[in-house]
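We begin with a single chain expressed as structure tokens, specifically the form predicted on its own.
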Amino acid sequence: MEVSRFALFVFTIAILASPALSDLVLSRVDRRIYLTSQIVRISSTLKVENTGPETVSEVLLAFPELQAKNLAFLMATPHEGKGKVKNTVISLPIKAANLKDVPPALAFYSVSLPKGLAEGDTFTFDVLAVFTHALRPIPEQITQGDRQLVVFQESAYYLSPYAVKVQSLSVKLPDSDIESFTKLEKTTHQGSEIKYGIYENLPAYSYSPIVVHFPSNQPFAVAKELVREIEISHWGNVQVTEHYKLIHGGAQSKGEFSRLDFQARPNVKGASAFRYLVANLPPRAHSVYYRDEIGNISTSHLWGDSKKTELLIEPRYPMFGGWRTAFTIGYGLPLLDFLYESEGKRFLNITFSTPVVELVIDTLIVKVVLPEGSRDISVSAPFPVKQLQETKISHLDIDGRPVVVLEKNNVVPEHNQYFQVYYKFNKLSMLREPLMLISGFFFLFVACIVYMHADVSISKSSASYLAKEQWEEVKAATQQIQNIISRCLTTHYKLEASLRDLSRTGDVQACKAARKTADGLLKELSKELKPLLTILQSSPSAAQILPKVEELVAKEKELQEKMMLKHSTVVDGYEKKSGARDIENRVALQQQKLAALRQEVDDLLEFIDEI
């Protein structure tokens, strides 16, 4: 199906092909296609010759429209030549070109030459084109033990609006293992490299499709979204926080996953999965962390020297095709390495993209958080980006911190270039937060001093204060009455114990002595109750609780009388030598009344306690 589509494309090109757009001729074209990772890089060296009388200052580059949709990065630079020391690379300006009378299935880009080419002049330059999602998995679904096979489609001939005198193509693969590839005239395969050409004297828009089907178990790591926040602190630190939403973009995994098989033979039962990623952080990165929504992830390793800091990121589980994960990495950088000052302005000079190696990013959002009070903000980027501005409120902020938001789609490692954010900042603004802290602590201490020395108590002559004092007095008296009643009940229990001893030993004198001791104690407790009842009766605050307290005292007194009557009856029976059953019959009714009175007393005590 896909080959038929390419054949149709070739047929369309053949019908719609038009004459060359100018008198330019490509004297030689050498292309090198690198398929060693999920990112496809095509490096071309073009030697342009002007065979016409008019001066030419632009050269057109052509790409099939389907291929142009995956074009992530395009750069042209003057060719230095082999063996020469390369100076600082100065890229040639490139822009999209909208042309008429050209095949509609092509996308054109225009490269501006350093100077116009007169008749007979030549100029050699290099073109680097980087493509994402250009390798298609075939088959699209594989099991845990299968290896991943991908297909790449291109043209053996260089597609150009100009005639090409001499050209060659080299395709570099991950290794020498190849399922299949298109074999044309002058095709050679040696090791991990396939060569097409040399082909000579081909007309404009020449196209010969080739398909390479080969295994590739390189990490197909794709960040569906990466939010990169760079926060500047003039107190000496640049904090970088990166939030990743990652997916394995290769062949979809089907069937069950066996952890046991994977651990036993990871290179066989997990060849298509990737287990870690490598991030090359700046040299003096510090306070590095790696975590997700669960917490810190300990399966990471960090090492570095004076030239680089390398972070090995290992997800919680191996990443098979279609599997997703989300995590955050963060680190601090010395401010002096990235913040500079020029012409009254400060500017941040830092890399744009992720430090993760060979990562494809579908959507990259870079947020640069500037200090509060920054103004006259501008951005200088080496490529077009979408720009927004927002505000972030953080600790000790008043107006909030200005945030520069840069957004770009289809990002590759070649985009990890330096960009600059310029802004003006008054040094006195740095004192704002320290002064706020000092003022806050100062006013706190002043408030504490005022509180400690001020009389904030309620006036002793106020009605609320008097009512509170009366209620406290009522509470204290009630608690004392409860304690006295409890002591009376304890005395009753002792009398009951003396009767049990009497029935066991028959010692009437000991029982009478216990009765005498109890009588004396109960009289003393009765004396203690009277002044407490007087306090409650004289206090307006005791109106609610007084009836229950009086009822409690009355019930206890009745209980006391019934207890003494029972005691006298039992002792009298023992003195008259009455039988035990006869004594029990005589006190049975009294015992029932005692039990009922004890229950009433207990209920009253509980009710008063709740009040």
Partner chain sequence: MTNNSLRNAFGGVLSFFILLLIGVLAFSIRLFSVIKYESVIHEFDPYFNYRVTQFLTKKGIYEFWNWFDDRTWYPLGRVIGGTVYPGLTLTAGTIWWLLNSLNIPLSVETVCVFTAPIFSAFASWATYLLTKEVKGAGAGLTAAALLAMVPSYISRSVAGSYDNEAVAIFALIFTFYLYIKTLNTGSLFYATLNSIAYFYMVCSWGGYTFIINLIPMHVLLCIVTGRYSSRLYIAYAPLVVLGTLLAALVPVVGFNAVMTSEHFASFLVFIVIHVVAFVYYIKGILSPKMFKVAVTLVISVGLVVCCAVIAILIALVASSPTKGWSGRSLSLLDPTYASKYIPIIASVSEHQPPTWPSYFMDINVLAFLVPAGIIACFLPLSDASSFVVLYIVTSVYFSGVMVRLMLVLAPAACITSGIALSQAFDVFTRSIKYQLPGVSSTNELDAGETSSTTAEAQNDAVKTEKTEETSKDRPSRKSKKKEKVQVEKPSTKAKAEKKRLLALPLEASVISLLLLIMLGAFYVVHCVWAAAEAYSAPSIVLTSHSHDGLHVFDDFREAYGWLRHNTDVDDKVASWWDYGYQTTAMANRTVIVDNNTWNNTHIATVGTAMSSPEKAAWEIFHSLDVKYVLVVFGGLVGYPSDDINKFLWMVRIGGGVFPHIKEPDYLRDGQYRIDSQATSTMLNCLMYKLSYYRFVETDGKGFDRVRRTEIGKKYFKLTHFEEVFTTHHWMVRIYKLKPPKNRIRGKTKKSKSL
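Numbering follows the first chain given and starts at 1. Under this definition, the rigid core comprises the largest set of C-alpha atoms superposing within 1.5 Å between the forms. Just so it is clear, the structure is predicted and the values come from calculations on it, not from any experiment.
The form predicted in complex with its partner chain exists for this protein as well; it is not shown, and the discussion that follows is about that form.
Checking Thr124, Ser503, Ser91, Gln263 against its partner chain in the model of the complex, a heavy atom within 4.5 Å turns up for just one residue: Gln263. Residue-level contacts in the model of the complex: of Leu388, Ile138, Val268, Ile393, one residue has a heavy atom within 4.5 Å of its partner chain, and it is Ile393. In plain terms, the part of the chain that comes close to its partner chain in the model of the complex, with a heavy atom within 4.5 Å, is 482-490 out of 109-117, 482-490, 335-343, 504-512. In the model of the complex, its partner chain sits within 4.5 Å of a heavy atom belonging to Asn296. Gln592 falls outside the set of residues with a heavy atom inside 4.5 Å of its partner chain in the model of the complex. Its partner chain in the model of the complex is approached by Asp602, whose closest heavy atom lies within 4.5 angstroms of it. For the chain shown alone, Ser258 is a contact residue for its partner chain in the model of the complex, at least one non-hydrogen atom being within 4.5 angstroms. Of all the residues from 274-292, the single one having a non-hydrogen atom no more than 4.5 Å from its partner chain in the model of the complex is Arg291. Positional change of Ser155 between the shown form and the other one stays under 2 Å at the C-alpha, relative to the superposed core. Once the rigid core is overlaid between the shown form and the other one, Lys115 does not reach a Cα shift of 2 Å, moving by less than that. Comparing the forms between the shown form and the other one on their rigid core, the Cα displacement of His492 reaches 2 Å or more.
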